[in-house]
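We begin with a single chain expressed as structure tokens, specifically the form predicted alone.
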């Protein structure tokens, strides 16, 4: 039942939030996120012994059951969702938000959808939660976003809606191929997919993969992302960047690689090439950015490109590294977006050419910026190092032909480019000459608490990553 509560707590709290006004809505969201984090932590701790399973009848005539399973990968992502959600609601306590009841209600509904995506082992249940996680974001972006929110939200809607229809068509086709009666159970979907001829798998691969590629996103399906991140309010940007992109990568590991092995074998090199192009392209675009929010958005594309490339490298160490790095990237990018939001709120601009001197007037914020930024480029003794090292190990441990070496070199170039734009961003914002637009105050109490949680995780897992490695060990392929 605890898996059901992981979904019901944010779901019911979200529904209740629509009838709550003012600061009470923020308090309700914070309490709900604390309970959800506690449940997630318990599930993760229990997973060291065995996976947790919940199943009950749902729609028997369609061959589907409400089946949830928390193995290492699922419980890790639920824990990430719990931590990120708590930090988001905590740091948003002192921010003025129009209609806070509706805003927090949609945020909690999205959290419930994310939990369901990471726990579902029935394809139809997975799809329902996939949509539940996305639909609230449309309303959050279109109502509380920036000046260009309407066209940006429409673009986001078109991308995700088309991808969702393709995913649904693929899942229905697979369910009809299951032996005996129609079934959406993960094991039956895997068996049905594996039994398909190679040509069918190759076509079905793109039908399903594009839906996941849009969500990650990887080149060339990424064009919705920078605008959506820029126009969304910061809490929504964090959910999109830290958690929802993980939906796509998680779905590749759980619902694509094991289901269509021959399709994956044919197209994996092509996907790796697309991913590496995305790493270099996004890194180069990030270098020339003056808008700090767009810089962080493009850096996220580069990081996801590396994880996508490793996912299709068919290497055990690389696969394990993806699961570790999904957690670490979610933590780090949350910290980056929090800092960006604090800078924008205090300076009133995202233009880095108009910033400077943060360290002299807001030293705690500057220290947090440096630590989180260095973790984001995988400095040793930060949490980003272990996962990224495993990712590159997975990429380098395969074929050593000239084309493969070229791909490896280009992927490695992302590290250098990442250091360039990150250190440049630190220099322009935290140091350099103090501008006329000086920050008026350092961190507030709730901002300090939120960043302290992020930095504590960064340093703890940087020095002692064994708990995360143990939790995700042996979870490759489902």
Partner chain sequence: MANVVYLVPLFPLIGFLINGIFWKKMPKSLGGAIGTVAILASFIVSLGVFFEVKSASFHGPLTVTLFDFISTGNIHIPFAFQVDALSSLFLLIITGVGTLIHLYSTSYMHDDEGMVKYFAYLNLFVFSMLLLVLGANYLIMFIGWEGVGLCSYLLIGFWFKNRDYTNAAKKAFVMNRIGDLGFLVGMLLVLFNFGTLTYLDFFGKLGDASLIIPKSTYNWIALCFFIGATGKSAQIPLYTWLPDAMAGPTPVSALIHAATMVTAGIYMIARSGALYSLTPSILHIIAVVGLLTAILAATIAIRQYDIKKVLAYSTVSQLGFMFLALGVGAYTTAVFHVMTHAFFKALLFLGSGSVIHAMGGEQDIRNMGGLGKHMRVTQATFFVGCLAIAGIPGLSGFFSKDEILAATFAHSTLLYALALIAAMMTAFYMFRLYVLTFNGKFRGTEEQHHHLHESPAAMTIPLVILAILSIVGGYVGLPSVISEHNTFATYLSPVVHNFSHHHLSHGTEWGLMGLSVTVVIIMIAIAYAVHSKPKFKESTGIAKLLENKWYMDEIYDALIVKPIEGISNALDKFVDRHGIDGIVNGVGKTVRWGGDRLRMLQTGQVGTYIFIMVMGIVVLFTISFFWIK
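These figures come from a predicted structure and were not determined experimentally. Residue numbers count along the first chain shown, from 1.
Although not depicted, the form predicted together with its partner chain is the subject of the following passage.
Novice: Any chance 8, 45 and 95 all have a heavy atom within 4.5 Å of its partner chain in the predicted complex?
Specialist: Not a single residue of the candidate spot has a heavy atom within 4.5 Å of its partner chain in the predicted complex.
Novice: Do residue 31 and its partner chain come within 4.5 Å of each other in the predicted complex, heavy atoms counted?
Specialist: No - in the predicted complex, heavy atoms of residue 31 and its partner chain never come within 4.5 Å of each other.
Novice: Please tell me whether any heavy atom belonging to residue 55 falls inside 4.5 Å of a heavy atom of its partner chain, as the geometry stands in the predicted complex.
Specialist: Looking in the predicted complex, residue contacts with its partner chain do not include residue 55, since no heavy atom lies within 4.5 Å.
Novice: Does residue 220 reach its partner chain in the predicted complex, with heavy atoms at most 4.5 Å apart?
Specialist: Output for residue 220 is yes: heavy atoms within 4.5 Å of its partner chain.
Novice: Would residue 247 count as touching its partner chain in the predicted complex under a 4.5 Å heavy atom rule?
Specialist: No, residue 247 stays farther than 4.5 Å from its partner chain in the predicted complex.
Novice: With its partner chain left out of view, choose which of 345, 360, 269, 199 has a non-hydrogen atom within 4.5 angstroms of it in the predicted complex.
Specialist: When its partner chain is considered in the predicted complex, the option within 4.5 Å is 360.
Novice: Would you kindly say which of 390, 338, 228, 83 lies with a heavy atom within 4.5 Å of its partner chain in the predicted complex?
Specialist: So the residue touching its partner chain in the predicted complex, by this definition, is 390.
Novice: Since the chain is shown here on its own, which stretch among 37 to 45, 449 to 457, 23 to 31, 410 to 418 would lie within 4.5 Å of its partner chain in the predicted complex, judged by heavy atoms?
Specialist: Among the listed stretches, the partner-contacting one is 410 to 418.
Novice: Though the partner is not shown here, which residues of 277 to 303 have a heavy atom within 4.5 Å of its partner chain in the predicted complex?
Specialist: Those in contact are 281, 284, 285, 287, 288, 289, 294, 298.
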